[in-house]
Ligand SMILES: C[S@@+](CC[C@H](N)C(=O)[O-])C[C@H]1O[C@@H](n2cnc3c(N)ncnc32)[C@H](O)[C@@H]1O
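Quick heads-up: it's one chain on its own, the form predicted on its own, in structure tokens.
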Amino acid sequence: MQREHTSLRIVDLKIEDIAFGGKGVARENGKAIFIPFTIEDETVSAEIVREKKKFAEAELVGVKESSPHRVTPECPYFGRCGGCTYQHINYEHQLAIKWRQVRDALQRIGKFRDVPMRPIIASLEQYGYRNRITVHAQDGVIGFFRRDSHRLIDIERCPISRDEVNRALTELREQPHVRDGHYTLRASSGARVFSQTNEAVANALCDLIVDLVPANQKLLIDAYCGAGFFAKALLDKFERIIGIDWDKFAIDAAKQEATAKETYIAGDMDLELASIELEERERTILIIDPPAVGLSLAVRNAIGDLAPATLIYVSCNPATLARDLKELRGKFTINSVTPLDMFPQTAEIEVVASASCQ
């Protein structure tokens, strides 16, 4: 797919910030210009490739004044592959960027003046952490999609994936005739349908949730519960647990070996939340872990009406988290916001926000 050039010129720019998604932000005559693979405070040469009324997009031509945080990427496909965004930045600074992006989203979108930010939880492994990947095969090419394109780039090895995953990739590539399609490669051959991709940070996330929940609670409502990842870790703190998810397969997995105190329901989130009557509001905790689009208006309304003592919001998108917390601020006060780096070298951010009912 060829890039359309409405304007073709090369300019020297000073990078001011890193936007969510990983692109550097510079300004020319007040207009924001987004340039990938840059770091704030760098002076770069960039080619304007797409110009809109309010912003422009550019490609990096060269770095004139380099950041002390710039490092050599470990992956030979970096810059062409659409997966990683931050391999040119040292890990400590990746963490600083992500922490700042969460705070900025809550201030800018959520309109929260003082955000009770906690330190970001780092990944123990910056490379070799993924226990599964999905590769695509088409016309003999096996790999990932190219950046900003639907074309594939042939990948022999993925450095952010575990050795077992890369062995599975090698085995796939060695097959004589690989059919076109998608292939999920796992570090384990077991049925790990609902496992987290970075197990160490997933465990840290679970530990964080456990620490946020006091003992002797009446009811846990685990919304978007999946296979019950949080619910089962919190069993000893609650008299009763209700897990809700639209995914029937996930609910079936949660029901396996469920105790008498656990109830798992497959259904529409807003309707199921609206049907719950709280016996002791002050001993009720709601955990929500929605997809990247965040909460619908109907779900936000149901949460506001339910008004549990504590709301714990697990998010993979700081922008929708900020929007939802802004809409719920009439009912809840934020106590803490903790980012987690589930996916080093990428622009993805996981966040846990804990709030109390007013």
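Every value quoted in this text rests on a predicted model; they were computed, and no experiment measured them. Numbering starts at 1 and follows the sequence shown.
Keep in mind the form predicted in complex with this ligand is missing from the figure; the text below concerns it.
- Only one of 83, 73, 143, 226 lies close to this ligand in the predicted complex, with a heavy atom inside 4.5 Å, and it is 226.
- For the residues 230, 99, 77, 112, the 4.5 Å heavy atom test against this ligand in the predicted complex is passed only by 230.
- Across the options 238 to 246, 102 to 110, 85 to 93, 168 to 176, residues that bring heavy atoms within 4.5 Å of this ligand in the predicted complex belong to 238 to 246.
- Residues 214, 273 and 310 are none of them found to lie within 4.5 Å of this ligand in the predicted complex, as judged by heavy atom distances.
- A residue is said to contact a partner when one of its heavy atoms sits within 4.5 Å of a partner heavy atom; residue 57 fails this definition for this ligand in the predicted complex, lying far away.
- Proximity of residue 42 to this ligand in the predicted complex falls outside the 4.5 Å heavy atom cutoff.
- Using a 4.5 angstroms limit between non-hydrogen atoms, residue 137 is distant from this ligand in the predicted complex.
- Within 4.5 Å of any heavy atom of this ligand in the predicted complex lies no heavy atom of residue 327.
- Within 4.5 angstroms of this ligand in the predicted complex, the stretch 261 to 291 places a non-hydrogen atom from each of 267, 268, 269, 289, 290, 291, taken in sequence order.
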